[in-house]
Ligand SMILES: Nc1ncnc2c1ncn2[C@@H]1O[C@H](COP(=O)(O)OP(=O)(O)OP(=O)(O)O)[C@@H](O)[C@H]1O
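First, one chain by itself: the form predicted on its own, in structure tokens.
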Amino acid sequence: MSASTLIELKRVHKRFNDFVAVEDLDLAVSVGETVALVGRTGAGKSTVMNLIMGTIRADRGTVTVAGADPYASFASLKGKLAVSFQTDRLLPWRTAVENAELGLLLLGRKATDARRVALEWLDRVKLQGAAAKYPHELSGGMRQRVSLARALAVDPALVLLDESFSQLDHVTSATLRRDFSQIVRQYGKTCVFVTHRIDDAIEMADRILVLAPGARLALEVKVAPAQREDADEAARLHALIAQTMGGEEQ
């Protein structure tokens, strides 16, 4: 594993009873890279994400994140890895800033420092003036921004997104994807995200991995900034990925 590689999976196999979710997967993600995992339901996207998070262990093969086995050495990745899920998972009795600072407090940061950093990240995700609001006072897009601020506030090397934009309306989702991508690149974060929406992958990723059942790599696409900004080129990539997937789910 080179110094520039943050995530590496080698010959990884994972089975759930008789169902093979991941079969001999090789995967590497470089520092500062944004990688999308795309595929139809049952392709193994979420299983791969859970292997990287360390919530499940591979049956065979090795998984290495920031030099450690994320399952066996879960504690060593504390503060280095942050996750944002499909639902915002905010605590309803805490305000936006209290939710955003939670990860820092759990890491032992002083309350004054945690509050300062949380406020800075709420500003960066364009939630100025919303710090004192409770989740029920925020729109879906605003709640997801709080979730992202909470994930980024701990200054993780790696950010994992599990369908984080899929429950938002098209306009809100597009705006949040653009803002998040800008922040990730500005602060040099490594990001891996799961999506079944091809447009999300093209708009955000440096590299798109299209997975077939068993998390087999069916297609790998590198996306240059000029390609995502060119409507014709983006449409060509969309058609290629959709054809590989056998038709989009949405």
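Worth saying up front: this structure is predicted, and the values here are computed from it rather than measured. Note that residue numbering begins at 1 and tracks the sequence as displayed.
From this point on, the text means the form predicted in complex with the named molecule, which you will not see here.
For the residues S46, T55, T62, S181, the 4.5 Å heavy atom test against the named molecule in the model of the complex is passed only by S46. Although the partner is absent from this view, G42 contacts the named molecule in the model of the complex, with a non-hydrogen atom inside 4.5 angstroms.
For L237, no non-hydrogen atom is located within 4.5 Å of the named molecule in the model of the complex, even though that partner is not displayed.
Contact check for K189: every heavy atom lies farther than 4.5 Å from the named molecule in the model of the complex. Under a 4.5 angstroms non-hydrogen atom cutoff, the named molecule in the model of the complex lacks R197 among its neighbouring residues. Contact with the named molecule in the model of the complex, defined as any heavy atom within 4.5 Å, is confined among 26-34, 197-205, 218-226, 46-54 to 46-54.
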